[in-house]
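First come two forms of one protein chain, each written alone as structure tokens, so that there is a structure 1 and a structure 2.
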Structure 1
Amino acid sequence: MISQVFILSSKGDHLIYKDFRGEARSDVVGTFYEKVTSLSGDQPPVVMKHKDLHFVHVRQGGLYWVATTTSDSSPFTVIEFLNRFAALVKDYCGSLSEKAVHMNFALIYELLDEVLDFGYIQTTSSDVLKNFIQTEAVSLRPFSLFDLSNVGLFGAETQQSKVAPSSAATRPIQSSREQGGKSEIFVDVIERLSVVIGSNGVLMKADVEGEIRVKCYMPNCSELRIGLNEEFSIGKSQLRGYGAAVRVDECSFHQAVRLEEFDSHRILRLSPSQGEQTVMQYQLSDELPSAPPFRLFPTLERDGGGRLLMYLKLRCDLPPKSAAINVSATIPVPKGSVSLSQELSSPDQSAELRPQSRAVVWQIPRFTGGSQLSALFKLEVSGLSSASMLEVGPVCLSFELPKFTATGLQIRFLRLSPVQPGPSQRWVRYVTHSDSYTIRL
């Protein structure tokens, strides 16, 4: 049983506030923000208590999604509700941001009135709510399926027109009614990579967590069939198919997924609801089917002037046609580092010394597979000694790998039934993010 629900910006601004039971005082919003900002650490506890009031919150889209309760409600139920409500707002508003909430506050209040009744959860299903929600979403930017940048000479299609724009799946689900009968479905394979590489270059740990997300803008799709690799296997079972093995340790499915054809043909069947849902989650531990995407070759020494010299060569072991984007390397440096001079191998790179976090941040906007980049950092360190040299490292990498999966999982086909009467598009997108990529020096 929930007493209040409110949404705050990262600065504590009140965006949404709804009191369902009148049990708590009116200053609870300020009390929550004071408690959450006074705690040390980047991640405050999800559940906090103030007198007889319990705060439960999650962070989504840079916002605080908070619920209060004074009863013995299950915190896991409230956390699950907040996550589902945030996903619901994203489906109806198109994106999660402070501006999106400001522009669609009337729609969000209407959603709250439908999903909660006197603090009791009613439903979070977009299929059920579409019959009751009347407020139209206000998009942050108008979405157009026709973009002149995708048209070549005399109206000929360019190769770019066959690629979905990044904003295509961030529009409200109600907008599917306004696209002249045009309907689309997006299937995203998203993986998060955790790697630890020792100082000798040996891979010490490698974990992959992945999921398949479906976002549907088709109001009349009764069944979607998703075909995975025929070689896809779970656990240490016998390998399947004739191609390269695609193996995961654990796998779980959404309750709406039907698995009659999964064991024999690796086909997932479901009736997708409008909006976004995660249909499959999987995990692979202590093993990668291919080499890690990045290797680092460091050299550390002191020059005659007492400066610390760090020469770093970073190699990208992706296939030559692939590329990593938004690559950032964070190198912890000794206490007393006061200035940095640098020599970078290409002009698009950048680096800076951040004294507050005692680290040098090396940023690479795009890194082509099979290539190597280098950087020479010269640090002025007061009182540099052999002991302070040990404070360098480990290096933490963050990056994004579009059109790439670490496990090798691929979508063979997408089939819709019944066949859509009007024009429809089916998009499959792959991306791998770095969750924790650590290289010891």
Structure 2
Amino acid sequence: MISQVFILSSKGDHLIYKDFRGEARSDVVGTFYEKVTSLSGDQPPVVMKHKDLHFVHVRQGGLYWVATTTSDSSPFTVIEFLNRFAALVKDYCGSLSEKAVHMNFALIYELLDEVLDFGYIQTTSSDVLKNFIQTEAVSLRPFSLFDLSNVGLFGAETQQSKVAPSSAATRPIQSSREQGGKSEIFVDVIERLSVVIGSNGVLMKADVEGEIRVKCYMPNCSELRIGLNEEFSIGKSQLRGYGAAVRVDECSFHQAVRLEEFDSHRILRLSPSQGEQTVMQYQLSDELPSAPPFRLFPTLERDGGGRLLMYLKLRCDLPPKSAAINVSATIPVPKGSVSLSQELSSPDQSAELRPQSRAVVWQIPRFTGGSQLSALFKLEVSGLSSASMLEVGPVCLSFELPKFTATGLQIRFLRLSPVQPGPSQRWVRYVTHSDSYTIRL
């Protein structure tokens, strides 16, 4: 049972506040923000208590989504609800930001009204909600000349572009009805990679958490069939086909997915509702089908003058056609580090010393598969001793691998039935993020 729901910006502005049971006063919002700001660090615990009121919050899109509740309610339910509510807001407003919430507050109040009654969750299905929600979303996207890039002379669409613009999936779902938005469907395969590589270069841990997300902008799509790799196998024992097997340890599906053809042909069938939903989640532990994407060869030295020399060679073991983007390596350095001088192999890279987080951050905007980059960092450290070397490392990498899945999962085909009248577009996107990629020194 949820007593109140409110949304706060990171600066504490009240964006949305709704009281469902009239049990607590509205100054709880202030109380919550005081509690958040009084804590050191920007990561307050999920559950906070004030007298007999419990605040449960999640952070999404830089905002606090808070519910107040009693202590016997289920944390899983409340957290899942807040996440789901944030996802609904994202579906309806197109994106999730302070501005989007601010512009669409009427829509959000309307959503809240339908989703919760007297503090009880009624429904969060966008199929049901679309019958009730009347307010039009105010789209944030400013007019931009880039949007016109694939519009030819006199506004005629000259070519079917092969790549969807990145903003394509950040529009409100409802615009497809009245504003004549395109009838599109996006299927995203998103994987999160967490890897620990030991100081001897041995792979200590490798986990992949993946999901297939469908974002549907089609008002009347009765069935969608998603075909996965035929060799896709679940669990250790099962092996299919003769090709390179794509294996995951565990796999779970959205309850709306029908699996009649899954065992024989690896086809998922579902009737997508508008908005975004996670169709399938899977995990793979301890075994990657290919080498981990990055290897690091570090050399650390202490020279006589209290300087720390770090020579880092970073190799990208992706196939040569792929590339990693937004690679950033964080190298923790000793406490007394004062200044940094650097030698990087190309001008688009950058590195800086961040005394606040006691780390050197090396940024590489684009890193092609099969290549190798090196960097030499010289750090001025006051009071450098042999023990300070303990503080160097482990190195953490964060990156994004577009058009790449760590498990090798691919989508063979995407079929809609009945065949959509008019132009409809189907997009499949793959991306692997680094959840935590740690290399010990």
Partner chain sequence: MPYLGNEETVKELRRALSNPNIQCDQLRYRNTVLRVIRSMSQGVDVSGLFSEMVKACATVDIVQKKLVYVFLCSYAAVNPELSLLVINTLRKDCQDPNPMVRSLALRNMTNLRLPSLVEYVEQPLTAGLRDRAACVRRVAVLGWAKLHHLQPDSEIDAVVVNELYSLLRDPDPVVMVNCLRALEEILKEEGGVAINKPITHHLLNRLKECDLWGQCEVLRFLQRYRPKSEDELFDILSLLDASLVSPHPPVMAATLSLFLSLCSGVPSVSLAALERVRGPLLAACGSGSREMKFAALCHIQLLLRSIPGLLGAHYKRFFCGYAEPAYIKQRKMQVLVELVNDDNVGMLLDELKGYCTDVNPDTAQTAISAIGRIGRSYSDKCLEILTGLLGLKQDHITSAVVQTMRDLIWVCPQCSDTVCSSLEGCEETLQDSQGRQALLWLLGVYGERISSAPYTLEGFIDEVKSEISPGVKMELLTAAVRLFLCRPAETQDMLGRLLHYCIEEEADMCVRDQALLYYRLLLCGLDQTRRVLQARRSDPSLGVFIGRPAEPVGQWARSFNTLEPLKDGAVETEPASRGSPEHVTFDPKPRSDLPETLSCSYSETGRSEDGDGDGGDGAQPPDSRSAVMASSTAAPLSLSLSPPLSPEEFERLWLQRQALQDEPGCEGAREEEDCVWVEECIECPTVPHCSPQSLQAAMQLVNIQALAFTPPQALPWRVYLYTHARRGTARRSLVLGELLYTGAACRLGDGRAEDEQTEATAAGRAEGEDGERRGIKVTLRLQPRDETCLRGFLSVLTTVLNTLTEHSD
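The term rigid core refers to the maximal set of C-alpha atoms that superpose within 1.5 Å between the two forms. FYI, numbering is relative to structure 1, first residue = 1. Treat the numbers as computed from the prediction; the structure is a model and nothing was measured.
J.: Only one of these is the form predicted alone, so let me know which.
T.: The form predicted alone is the one given as structure 1; the other form is structure 2.
J.: So with the core overlaid, does the Cα of G306 end up 2 Å or more away between structure 1 and structure 2?
T.: True for G306: a C-alpha shift of 2 Å or more.
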